[in-house]
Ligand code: JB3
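Listed next as structure tokens is one chain, alone, in the form predicted alone.
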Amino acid sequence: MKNKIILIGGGGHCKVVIDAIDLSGKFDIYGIVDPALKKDSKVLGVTVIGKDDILPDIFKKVKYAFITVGSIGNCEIRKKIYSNLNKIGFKLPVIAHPKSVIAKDVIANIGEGTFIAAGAIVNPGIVIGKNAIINTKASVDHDCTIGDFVHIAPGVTLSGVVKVGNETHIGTGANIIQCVAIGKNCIIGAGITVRKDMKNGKKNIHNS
């Protein structure tokens, strides 16, 4: 019998996660919690069952949860949800689409609540923090380190030995050259090629 899981957030990213869970066959989705959506509405056939205040009662029946809030400009909401789920006692599994490629040695080095989407390639020697998002067709080369709450958008390429600090957002199709270190809370725009290290909090919206 499969474990039940509750999803937190019913936006576009939720659809991607639902698809990955359905195809992997590892969990039965109990429902979606989202204060912005009408109760009993559906996302890809999964019912919205209420707001965050029902989570303690849900925990009596469901022990697994997953944050399905994607990129919204900052990580504060995801961090707040993560903290709340941990306080209640939920387990946050790693969810990986069955058509992602993850090196064998990396599986034990992925933080709880991380999502790896279809077509993503995660090569050997990589460490990924908690509640990170490695999106569709992102390519992460050997020996990279990805921090907590990092969002890597579709089509991003990280060359070997890149370091990405906590809570950094990397936009669609960006390229990070080998051995570059990206600080915490950085923003890298779509299509940008980063060739130099970035300090904490830096925004890069022009090629440099």
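Numbers follow the displayed sequence, beginning with 1. In this text, all values refer to a predicted model and were calculated from it rather than measured experimentally.
In what follows, reference is made to the form predicted together with this ligand, a form of this protein that is not presented.
* Is the gap between D34 and this ligand in the predicted bound form 4.5 Å or less for some heavy atom pair? -> Contact check for D34: yes, within 4.5 Å of this ligand in the predicted bound form.
* Decide whether H13 counts as a contact residue for this ligand in the predicted bound form under a heavy atom distance cut-off of 4.5 Å. => Looking in the predicted bound form, residue contacts with this ligand include H13, since a heavy atom lies within 4.5 Å.
* Close approach of D52 to this ligand in the predicted bound form, 4.5 Å, heavy atom -> D52: contacts this ligand in the predicted bound form.
* Counting only non-hydrogen atoms and a 4.5 angstroms cut-off, does G70 reach this ligand in the predicted bound form? -> It does: once this ligand is placed as it appears in the predicted bound form, G70 has a heavy atom within 4.5 Å of it.
* Could you work out which of I110, C75, I81, I95 is the residue within 4.5 angstroms of this ligand in the predicted bound form, going by heavy atoms? => Contact with this ligand in the predicted bound form is made by I81 alone.
* Taking I8, N135 and P154 as a possible spot, do all three reach this ligand in the predicted bound form with a heavy atom inside 4.5 Å? -> Contact check passed for all of I8, N135 and P154.
* Sort through 23-31, 142-150, 61-69, 160-168 and report the only stretch with a non-hydrogen atom within 4.5 Å of this ligand in the predicted bound form. => It is 61-69 that comes within 4.5 Å of the partner.
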